[in-house]
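The same protein chain appears twice below, in two forms, each given on its own as structure tokens and labelled structure 1 and structure 2.
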Structure 1
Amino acid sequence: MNQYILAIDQGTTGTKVLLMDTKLNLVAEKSTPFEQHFPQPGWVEHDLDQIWASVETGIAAIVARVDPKQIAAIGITNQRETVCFWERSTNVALARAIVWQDRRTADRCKELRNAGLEEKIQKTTGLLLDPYFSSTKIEWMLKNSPKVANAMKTATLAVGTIDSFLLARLSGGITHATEPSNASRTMLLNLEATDWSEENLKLFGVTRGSMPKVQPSFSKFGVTKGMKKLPDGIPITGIVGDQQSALLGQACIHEGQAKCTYGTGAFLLMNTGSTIRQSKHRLLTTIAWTEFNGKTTYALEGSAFMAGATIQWLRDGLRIIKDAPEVEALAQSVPSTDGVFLVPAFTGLGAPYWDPNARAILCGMTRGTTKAHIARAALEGIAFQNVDILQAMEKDVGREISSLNVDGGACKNNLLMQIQSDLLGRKLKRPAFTETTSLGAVFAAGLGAGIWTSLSEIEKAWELEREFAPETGLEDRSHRLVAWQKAVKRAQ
């Protein structure tokens, strides 16, 4: 009898559920979008019931294809930093989730920074003070939602990232847990101890009892109970935050290997092994995963908030394309941007700038500028952000990387990948299976269930589809990077 692994890939704009057999053949998949809520400028929220409905829709489509009793394990990967609030005994949401893109706590982060707390927080958590992370979001909700604040006072509140919320719903409310890759994005985890920092919990007014238990990424978190389409008792054995999951799915299991995921944002992670490498160039230190034997792998990370979302803006805001794939042909219809730059700081600038008040600019236009130049500038803007991050990363580790693995939806854009290779001056390697975030969840669940017993087993599954090599010289690259920096300064 075949055995299957079910992976739930819960993202910022939709949820994908897929099923693979233990030989990593894709059996079925279903993607379901859900609504984004923007109650005020700079605010981004998700309705937890809508997220859960998207998960149930995906599961229903999957189990229609196979006998659900053949599912050996379930893995979860999820948008990180987004924080959820629900009633512990009923699993009822107490508020909308505050999404990682949300900027409402920018002033609070500035206040903490002015108080001289950033260095201490970075040393403990690996993170810099920015509204991107969960801690100030939790603090804001406790101060602004009487329902949530009361639940904390009565010890009925459950707080967690999306993985914890899904785990609670999957297990019928029995399990309130998370794992280090997600927990390390909250600004509440002590990286070295891989447990909650009592000092940071106190700083942000969070009780330990409301937070989930932290356990290894590859371990048994619980079993299904009371699901509409799944039998009780299926073990949930792997959870990894989406970007760390992509690192795992890319089989970047050795120190020095790196990947870039092109999703809503762009996220570069470099495996730093067992070393907690504190960045001197405003990158983040994060946990990649913790194995069932307690061994923890760390990573350096840099994030650009707008990648695929920049293309969505061309489609929905400027309306110069009808759908995202059109951007490649449009941008390729001109040989260059003709001096046009788009700095996509629509929600501020991420690493290495961390400027929540920066705003997007489109500059360098003339009467000869066309929508094709703007489309190409958008692709270059995505790529330039990643150059800034990788250069900072290489300075932190003291060496250059020879190649960068790429994945995510936008990596299918060949022109973007060539532009990225040209601007980085590095080779890009695109795998045969580009949905590596979902694949990482499969790997995590399989490792937690004992289907695979070591990371080296999954390394053999990685397969190259195409390699991109730089086609421009150092002089041209340097000139363009200088011009990009001038554009960035105008956005700040």
Structure 2
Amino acid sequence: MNQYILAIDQGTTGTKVLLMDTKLNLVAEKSTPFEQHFPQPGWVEHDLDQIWASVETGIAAIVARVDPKQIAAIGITNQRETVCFWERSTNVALARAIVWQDRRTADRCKELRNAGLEEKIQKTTGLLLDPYFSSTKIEWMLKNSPKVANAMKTATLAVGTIDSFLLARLSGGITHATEPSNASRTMLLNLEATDWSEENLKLFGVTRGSMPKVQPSFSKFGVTKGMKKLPDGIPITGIVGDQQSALLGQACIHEGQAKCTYGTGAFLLMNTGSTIRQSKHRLLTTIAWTEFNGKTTYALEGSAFMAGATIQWLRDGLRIIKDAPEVEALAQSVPSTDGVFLVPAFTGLGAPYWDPNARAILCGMTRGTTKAHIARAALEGIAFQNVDILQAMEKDVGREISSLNVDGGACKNNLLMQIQSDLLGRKLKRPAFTETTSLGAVFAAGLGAGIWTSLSEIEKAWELEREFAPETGLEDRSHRLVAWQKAVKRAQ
């Protein structure tokens, strides 16, 4: 009895619910997309009832396969920074969630930067002033929704990231909590105290009472109550934001270990142990997770907006491939790009540049350039962006990493992985189970429920599928990086 862990992986475009046994065999899995709302250019919203419906659909599909009484624990991993507003007593949504991609508070961020607040905010929260994070979104909602503002005045408002909202719904409104990996993305958390910063709550006009309680990532958050397809009393014992969850799912549990997720964008995280590393190279400092005993692990993070999405552009924009996997053979058909560079700054440049006004460029073409060279330049462009981020990380921590763990949809591309290894001059390790974000939620729930008693047990479960080692030398790498930097300057 009680032998399964149910993980809810609540992403930006869909929700995946999966069930694993405690030996980490995947028993069942169901993905459900939901609607994206774009009310104005640059705005992105989610309807909380639609998100919840996608969670319920996933759970219904899973419990059709097993007896739900055998579920020992539930774990959650989720899109981060997205903020939700609901009425505490009824669990009714008071507004649509403002999604992490939403840029409506760009001017407000500029205003705060001009007021000289960025350094102070970075010191307290580890974050840079950007609309990406939750605080200015909450402030915007309080200013623009009388319903939400009024609920705050009458102390009936619950604010939270997606994990908090799901917890509230799973527990029948009993639990209003979060944990540090999500909370550290709100710009309201004091990194050192792992609790809300009074100063920042005041700056953004948020009452502490409307915010969730911050508790360890692997701990008992509450139990299910009043769910359609689950019995009451199943404990929710682990929560980790999606990128940190991938770090955990990759078993990067030691200081200096790092992972890169190649999805729509690329997300690099490095475990920095119990040290808060303030980045001097425009990376973010964040919390990876907090264990039950209160021990907090920190991370450095950098992301590029376009990774796999660059391949989608080759498919839908240029139409030189019919589907994403085709890019590999096309790019492989030429031995090099012949001097062609693609800087995929279609939506600006992320870390370490943070240049929202940069735009993509394709340069270095001659009459001999073919679609194969462009395909190869696209793969290199994805890889070069990650080199910039990883080099910034290595400078911040003062040492080189020995290898990088890889996951996400585009990590299946062997050529991309080889190019990445060549350009980084580092080994890459691809695991057997590449759904590491969901796996992290399973690990978190198992740790919180006491199924696993230490992080080292997780490490034993991680399995290598393939390693990629650099095949080119330092000279070639340095030469290509200089040329890439020139191309980046042209995109800015």
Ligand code: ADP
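Rigid core (definition): largest C-alpha set, two forms, superposition within 1.5 Å. These numbers were taken from a predicted model, which means no experiment stands behind them. Each residue is numbered by where it sits in the sequence of structure 1, with counting from 1.
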* Just one of these is the form predicted alone; is it 1 or 2? -> 1
* **Cα displacement of Leu424 between structures 1 and 2 reaching 2 Å, rigid core superposed** => yes
* Asked: Glu199: CA shift of at least 2 Å between structures 1 and 2 after core fit?
  -> no
* Core-aligned, is the CA shift for Pro146 between structures 1 and 2 2 angstroms or more? -> no
* Structure fact -> Between-form comparison on the rigid core puts the Cα shift of Ala375 between structures 1 and 2, in Å, at 4.9
* To do: Report, in Å with one decimal, the C-alpha displacement of Phe384 between structures 1 and 2 after core superposition.
  => 3.0
